[in-house]
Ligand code: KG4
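Okay, here we've got a single chain as structure tokens, the form predicted alone, with questions on binding and movement later.
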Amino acid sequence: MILSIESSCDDSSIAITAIDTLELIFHKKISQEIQHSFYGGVVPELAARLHIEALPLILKECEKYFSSLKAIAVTTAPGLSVTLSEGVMMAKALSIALSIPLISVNHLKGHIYSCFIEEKTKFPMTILLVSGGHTQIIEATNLHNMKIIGQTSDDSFGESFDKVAKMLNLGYPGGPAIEDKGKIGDKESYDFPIPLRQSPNIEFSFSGLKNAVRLAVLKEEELGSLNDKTIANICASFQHTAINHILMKLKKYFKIQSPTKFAIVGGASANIYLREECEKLCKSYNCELILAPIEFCSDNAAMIGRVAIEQYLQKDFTALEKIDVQSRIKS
């Protein structure tokens, strides 16, 4: 078995996965959403302190599996350096204590492999990765052959939801709150501009849309009409526009490449509206849509463990003195 640790942001998670069968033997996650909601976003130093408390509690439940472990896997990039360090320190300690190798896992590859928890991979495929820190279209042939085709030049898809939610005092995380309010709102109420509509490039941008929402909120506040109905309409219109932006760029890509397999991963891939619209797109191109289970869309150690199995089989280990954290992914 492989024990995997995830601490890249505000979720403390540990999983144990069987190497031969891919079975997820153990998985537990402790979220920090309540603690960070007061601030409207993740506070790195607070997140690090909460990891110090949560990770040992989860690890204690894993002690009975220690004798069966063949490796320790841990997220090392990308993420918040102060929170990544907590997971890495625990991984190093376990590696020394149990005399087993370390596996350094890229967090974004973890999201891609969230589609294959307890399942075999389906490469090659194209991936839309949407999270709080990234919005990317990736072409993947295998574990070590992945190419970023297009990405955001500013805010990410998930980040824009968090910031709009903060404007409307809807709390953190913003994605579920915006989606929930949007269900009862009118998506045609506000004519927000679709970013990069005239650009032929396959790239994303959400800062302009975010600013358009900010101006709409300020206007409603000045008029004294920022009520529950107005907030729901803003949420619905914003979500509709943000997803239309993604779909327009995906259609440009599909016309050029015509992928046979397409996956949506990352925390923001739990958005049902996004899933439904991408399903329509894939059907029109006779393309197989691959989705991670909702429970594994957000950060979790199960996806890190699934990547780690592939790396273990390829003997892709990292020396104890060389394992380190990186706050940004290298494209």
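Note that residue numbering follows the sequence shown and begins at 1. None of the values given here were measured: they were computed from a predicted structure.
Below, we turn to the form predicted together with the ligand, even though it does not appear here.
Choose one stretch from 156-164, 95-103, 114-122, 205-213: the one whose residues place a heavy atom within 4.5 angstroms of the ligand in the predicted complex.
-> Of the options given, it is 156-164.
Which of these residues, His240, Lys249, Lys181, His107, gets a heavy atom within 4.5 Å of the ligand in the predicted complex?
-> That would be His107.
Using heavy atoms and a 4.5 Å limit, would one call Ala302 a contact residue for the ligand in the predicted complex?
-> Result no; Ala302 lies far from the ligand in the predicted complex.
If you check in the predicted complex, is Thr76 within 4.5 Å of the ligand, heavy atoms only?
-> Output for Thr76 is no: heavy atoms all beyond 4.5 Å of the ligand.
Contact between Ala268 and the ligand in the predicted complex at 4.5 Å, heavy atoms?
-> Result yes; Ala268 sits at the interface with the ligand in the predicted complex.
Within a 4.5 Å heavy atom cut-off, is Pro173 in contact with the ligand in the predicted complex?
-> Heavy-atom contact with the ligand at 4.5 Å: present for Pro173.
Can you tell me which bits of 117-134 touch the ligand in the predicted complex, meaning any heavy atom within 4.5 Å?
-> In sequence order, Ser131, Gly132, Gly133 come within 4.5 Å of the partner.
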